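Below you will find one chain, with nothing else, as structure tokens; this is the form predicted alone, and questions on how it binds or moves follow later.
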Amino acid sequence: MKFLIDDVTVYFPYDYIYPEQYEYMVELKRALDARGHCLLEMPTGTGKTVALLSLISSYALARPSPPLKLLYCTRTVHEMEKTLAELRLLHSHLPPTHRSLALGLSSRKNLCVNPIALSSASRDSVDSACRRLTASWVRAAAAEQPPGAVPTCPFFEAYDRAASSGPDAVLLPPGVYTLGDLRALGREKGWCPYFLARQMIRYANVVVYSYQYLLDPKVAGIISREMQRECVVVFDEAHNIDNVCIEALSVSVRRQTLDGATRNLHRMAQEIDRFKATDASRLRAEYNRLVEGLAQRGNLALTDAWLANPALPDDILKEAVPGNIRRAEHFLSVLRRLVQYLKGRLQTENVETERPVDFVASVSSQAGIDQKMLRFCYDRLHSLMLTLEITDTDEFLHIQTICDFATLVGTYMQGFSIIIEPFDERMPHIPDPVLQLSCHDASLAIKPVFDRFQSVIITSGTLSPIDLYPRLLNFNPVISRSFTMSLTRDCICPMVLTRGSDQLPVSTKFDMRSDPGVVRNYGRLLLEMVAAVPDGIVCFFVSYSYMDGIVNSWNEMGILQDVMQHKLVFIETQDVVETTLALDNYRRACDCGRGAVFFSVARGKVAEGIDFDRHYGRLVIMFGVPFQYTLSRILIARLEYLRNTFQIKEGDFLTFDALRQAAQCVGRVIRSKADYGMMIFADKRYSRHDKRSKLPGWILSHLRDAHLNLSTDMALHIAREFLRRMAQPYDKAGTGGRKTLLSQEDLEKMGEGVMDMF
């Protein structure tokens, strides 16, 4: 369908549109017109992705100068593929004169077609295997030797030969390319899909890739360096964006890291001695280059570009590297002293917390390494590894971590803490010392994105309370809006269960969670529900340890055996392969009519990215409130920083964080308006207004007062009534004054002011 929003003709790939999608597009267009950033909360399952893609693509068509580029950021490869599938459908509805290029970009592991590199297990190993075959010095050596003497990558060589005749020779024809399409194209033409995609993102109108490619400075400096200001950046499912920003700038150092770094330094020293004996001019040339400054490194070959600096702003890049780390052997000596100093710090028996200023002063006085030397460690290491022609970078991850830590601690004086813990508090009898550089300020990683691009759109189904995000990320959105879901029937049934059938309160509060009465009541709730609810039920627990404990107790009480009389039980573990297998079998059990229960954990992989739509999830039970581990030193330091810097109270942030996780868990159950499902919040704390009010508006609008303080038998009665109602036929499009599906004709009438839908 085709319709107008102000002066923009919007191309939409379906015959009908939801009213909230139309409202969403109107707000989105206002943000693009204002060239500002926006926060939009859209209920889960209401077509957020296609609304975004349609409006932004149509806006770029209507305003061709300057050309607008869309950078669409997703959290997982699965979400990336779903987005590209929607984009392909949209492109088939755009006018034939519009010739645009859209593609996905992921790591080498997801794009490589060379069987030698792909045989490596981890992502870092595939990267390293790729460098061993494609580094400029490896290819130079291969050119001088007989064919086959030095192994190279035939796919990259073929791509490079084609690209050498000009960029047009490897330019992809317009269209939408998924990761699978790029791999198939690579095999067909004999080209490397990864480097082809890297080359194409500068010409593409739409690029779909991971958050890290924009938020992690080490990756963004390589991948997203050439993006122009005329870009619209979308962060989809961005309810955890503050945590992603913080993880991008946090570093953990353990004993194993330091031992590995010592081995790395020993090998680099051997390489330096070898070069001194055979090619001393190379080391001299590097020294002269460093005198001129880091920016004079010249343009590296595409295959040699390693991770960029985690922190350095451009003005520092123009400075010369400090004299005392220009010589390779002097730099290694500095790193040895730093590693030795960190080993000494890890030998503490008490928890220590320091600000970066104090830590840098301590390093300077005890190891003789000043702040400027620390700041340049990462780039100096990069330069040295290129000079020494080291390709197996996966073996040098330990020394990279140390230099990453040094550069961050030497650059940022605010928003960070150094926390040294001799053991994990949950397992105090096992010594496991860790030194953590913990970032507390999410705005540091995302600030360059806000400053650099004209519009940044942060959107998700759970952004409540929406006013907290501008404070956490330190920006001013021009639009901040939360939408509700228009429904012809109440297909969502949230309930707050505060007590069992015996009227004893239920909660996962620390002083109550191991109470046999609470464990038994939670078990009885599950048992009653599996007997009454058909198909699939998903249960979320607050942590892996709590799930292990309560499932074990249910087994001893005989509750688990009773549950399995009605449905099969599957459990999420911390092993990805086991969990994938469990999910696959869970779906098979639901498909064949046996029914199943899936036990999962809030903040786990399943809670974040797996949909339990249709019969795979008719009920989701959230056992408890998923608060973070409040005794964590890192969390305590972050809460203190948020209170002092952004005036966000500890309790407010903890509740906000727990409730967004709970909303994310229960939101898995409803993925479209034709779907239906129930949500049970099983904890007495959800009945408190200060907790409950932080749930998204689209859940609160269906949470009736009569469903706020339920016991197990009352919840069972409501569930039976709800399922009976859902079994009745219903009008999908809606009737009367409020339609839930709008046709092109309805939109035209709205434009004329004849019909008011909202």
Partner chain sequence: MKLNVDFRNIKGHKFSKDGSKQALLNLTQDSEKGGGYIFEFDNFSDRNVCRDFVGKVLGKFQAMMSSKQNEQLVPEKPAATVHGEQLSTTEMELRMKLLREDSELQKLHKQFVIGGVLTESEFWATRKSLLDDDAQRTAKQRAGFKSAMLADVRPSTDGRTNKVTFSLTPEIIHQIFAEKPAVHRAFLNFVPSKMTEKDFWTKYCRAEYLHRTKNSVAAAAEAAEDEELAVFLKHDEILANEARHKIRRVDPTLDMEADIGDDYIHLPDHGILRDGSKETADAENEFARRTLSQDLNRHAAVVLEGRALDVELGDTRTAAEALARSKQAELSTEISDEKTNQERMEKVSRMTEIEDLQAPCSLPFAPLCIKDPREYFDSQQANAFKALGDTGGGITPVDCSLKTEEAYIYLLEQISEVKVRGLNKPVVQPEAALKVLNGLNPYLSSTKYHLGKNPQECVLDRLPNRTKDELMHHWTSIQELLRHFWSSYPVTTAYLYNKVLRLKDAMAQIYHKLQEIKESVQSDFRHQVSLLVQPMLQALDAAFAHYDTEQQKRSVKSGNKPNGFVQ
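Positions refer to the first chain, counted from 1. Predicted model only: the values in this text are computed from it and were never measured.
One more form of this protein exists, namely the form predicted together with its partner chain; it is left out here, but the text below deals with it.
Interface membership of Tyr616, defined by any non-hydrogen atom within 4.5 Å of its partner chain in the model of the complex, is confirmed. Heavy atoms of Glu292 never reach within 4.5 Å of its partner chain in the model of the complex, leaving it off the interface. Looking at Gly36, you'd find every heavy atom of it more than 4.5 angstroms from its partner chain in the model of the complex.
A residue is said to contact a partner when one of its heavy atoms sits within 4.5 Å of a partner heavy atom; Lys82 meets this definition for its partner chain in the model of the complex. With its partner chain omitted here, the record of contacts in the model of the complex names 604-612 of 683-691, 322-330, 604-612, 94-102, defined by a heavy atom within 4.5 Å. By the 4.5 Å heavy atom rule, the three marked residues Phe453, Val496 and Asp713 all fail to count as contacting its partner chain in the model of the complex. Taking a 4.5 Å heavy atom cutoff to its partner chain in the model of the complex, the contact residue among Gln199, Ser128, Ser480, Gln436 is Gln436. Contact with its partner chain in the model of the complex, defined as a heavy atom within 4.5 Å, holds for exactly one of Ile466, Ala204, Leu172, Ala582, namely Ala582. The partner is not shown here, but in the model of the complex the stretch 554-579 reaches within 4.5 angstroms of its partner chain through a heavy atom at Asn555, Glu556, Leu560, Gln561, Met564, Gln565, Leu568, Val569, Phe570, Ile571, Thr573, Gln574, Val576, Val577, Glu578, Thr579.
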